[in-house]
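Encoded as C-alpha cells, the following chain is the form predicted alone, with no partner shown.
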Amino acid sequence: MKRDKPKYKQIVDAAVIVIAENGYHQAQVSKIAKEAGVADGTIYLYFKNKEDILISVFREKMGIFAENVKEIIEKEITATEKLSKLIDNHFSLLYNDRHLAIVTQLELRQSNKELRSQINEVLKEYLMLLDSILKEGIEQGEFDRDIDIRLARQMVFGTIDETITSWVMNDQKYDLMKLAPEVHRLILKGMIG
C-alpha cells in the first residue's frame, strides 16, 4: 500500500507546508516535490494529482486526531473529562502544527464542492467518535438526557472549529491553548440539564 511507503509521509508533510505558505491554488506539485526532497515524477507514484494530495493530507492528519480520540474514549474517565481531552487534543494538534492549522482552517474550505464532499467523508469518523462521547455523557447522566446529539455535535465541533479559525485569521498571535478550558466550560454549560 502506498501509504506505508516512506516517501508518502514525506510528501504529505511537505504538502502541508507548501499549501500553508502558498495557498492551495498556488501550491504547485513541483514546489511540494522540492520541499519533500523528491523528484516531481515521484509525487505521481503516490498521488493522482494535487487534489489527491490535499485529500491525502486531510485523511492522514485527521487520522491522527481520530486515533488520539479513540485513546481518550478508552480511558476510565467521565464523559465530561473525555470531552475536555478531545477539545485539548484538537487545539493542541493545530497549535503545535501551525502550517496544518492554516491548511485545515483556510485552504480546505476554498476547495471545490467535489473536494469538500471527500473531506466531509474523512471527517465523519471523527464526528462519530465525538457522538460516542456525547451519548456516554447522556447515558451516565452527566449531560441533559434531552440533548439532540446531532445539534450537540454541531455545537461542539463548530465551537472548536470557529475558535481555531479565528486564531488562524489573527495570524496565531495569541495562545490558543489558553482558550481550551473556557471552550470546554462554555460547551458544558449548554449540555448540563
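Sequential numbering from 1, following the sequence displayed. Here the structure is a predicted model, which means the values were calculated and not measured.
Note that the form predicted together with the DNA isn't included here; everything after this is about it.
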Practice item. Answer with one of I55, V38, L127, V168: the residue that has a non-hydrogen atom within 4.5 Å of the DNA in the predicted complex. Key: V38
Practice item. Determine whether any heavy atom of Q140 comes within 4.5 Å of a heavy atom of the DNA in the predicted complex, and answer yes or no. Key: no
Practice item. Flag N68 as yes or no: does it have a non-hydrogen atom within 4.5 angstroms of any non-hydrogen atom of the DNA in the predicted complex? Key: no
Practice item. Verify the contact flag for H25: yes if a non-hydrogen atom of it lies within 4.5 Å of a non-hydrogen atom of the DNA in the predicted complex, no if not. Key: yes
Check your understanding: Taking 4.5 angstroms as the cut-off for heavy atoms, does T42 touch the DNA in the predicted complex?
Key -> yes
Practice item. Would you point out which of 25 to 33, 59 to 67, 154 to 162, 129 to 137 contains residues with a non-hydrogen atom within 4.5 Å of the DNA in the predicted complex? Key: 25 to 33
